[in-house]
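Shown next as structure tokens: one chain only, the form predicted alone.
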């Protein structure tokens, strides 16, 4: 029987790590003591095995478990349950990495469009992509559409809803999508551009089905979704229903104690995210540069036949940091700047064009794109 190997960082005394690892193996497989188990099959095949314990810092140990792939049922929600379901409730444990076997990975296709497909959608060639967000929450659909038209008119590749804008009474999903999609069409007709509007999908299965219908009826060419808010299994099924690239937002991901490169880089990519937004270092959040670079690498590195997932560093970024971000991430990136553009007030069109022009100037040289 195949197994997947999970690496956890466990905080405990060195004298306790062996017992702690053994307890973790039982917790993440059969959730009971081993002594009463009489089935040889369960003991030999289902119970997780401890395959390594190594101290990596004072009081911190890397524990490797081998868990039976059969326990996942080939489904991502159950896989996450086996990886981190119960031990996520133990605040001394962090899920750091996982090696998934081929028989499990065969059930997933990864991004349908990926970085290259997103570039093709907006006619970006091999340069970096530009993205902004409609803000603030509370504006009516008409005002959000006006912002959308301004951004698209300035040449932004992607104008997305802020993830907090969903289906509120002051901006209902159907009315907002129709208005913003029409605004982008007008801007593209005036400029010859290919900007896209990406509405934020949210809610339970019934609401999501209706939103997918609206997206398709309106001709929307990209969407935003929050995998951790809707659930990873729901997100994976949503991607299958859509006929356009999907941008994954990290909301609630920080509550999970799963290493960001694993969660936002590899797992979101596995489930079909074409782009993954993450908090860039030096912004409103506390990710380090090393974590951000590892996350971007996880989304773009060669992995089976999965397409590259576009990294989207964000969270308090400014036009002044564009050169730095392209230097760090290269041209296979999508740069998301929202509040810094909106802060320009009446100069919003000019500042938006400056953002677009800066990205194009710094990243327009021909290069081999990520797959």
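Because the structure is predicted, anything quoted here is derived from the model rather than measured. Numbering follows the first chain given and starts at 1.
What comes next is about the form predicted together with another copy of the chain, which is not displayed.
Contact with another copy of the chain in the predicted complex, defined as a heavy atom within 4.5 Å, is made by none of 197, 248 and 358. Partner contact region in the predicted complex: 68-76, out of 172-180, 68-76, 123-131, 102-110, criterion any non-hydrogen atom within 4.5 Å of another copy of the chain. Shown without its partner, this chain lists 291, 150, 188, 90 as candidates; in the predicted complex, only 90 has a non-hydrogen atom within 4.5 angstroms of another copy of the chain. Note on the partner interface in the predicted complex: the residue among 96, 233, 214, 146 having a heavy atom within 4.5 angstroms of another copy of the chain is 233. Using a 4.5 angstroms threshold between heavy atoms, residue 229 counts as touching another copy of the chain in the predicted complex.
Not displayed here, another copy of the chain is kept clear of residue 55 by more than 4.5 Å at the level of heavy atoms in the predicted complex. At a distance threshold of 4.5 angstroms between non-hydrogen atoms, residue 219 is out of contact with another copy of the chain in the predicted complex. Using a 4.5 angstroms limit between non-hydrogen atoms, residue 301 is distant from another copy of the chain in the predicted complex.
Taking another copy of the chain as positioned in the predicted complex, the residues of 245-278 that bring a heavy atom within 4.5 Å of it are, in sequence order, 249, 250, 251, 252, 253, 254, 255, 257, 258, 264.
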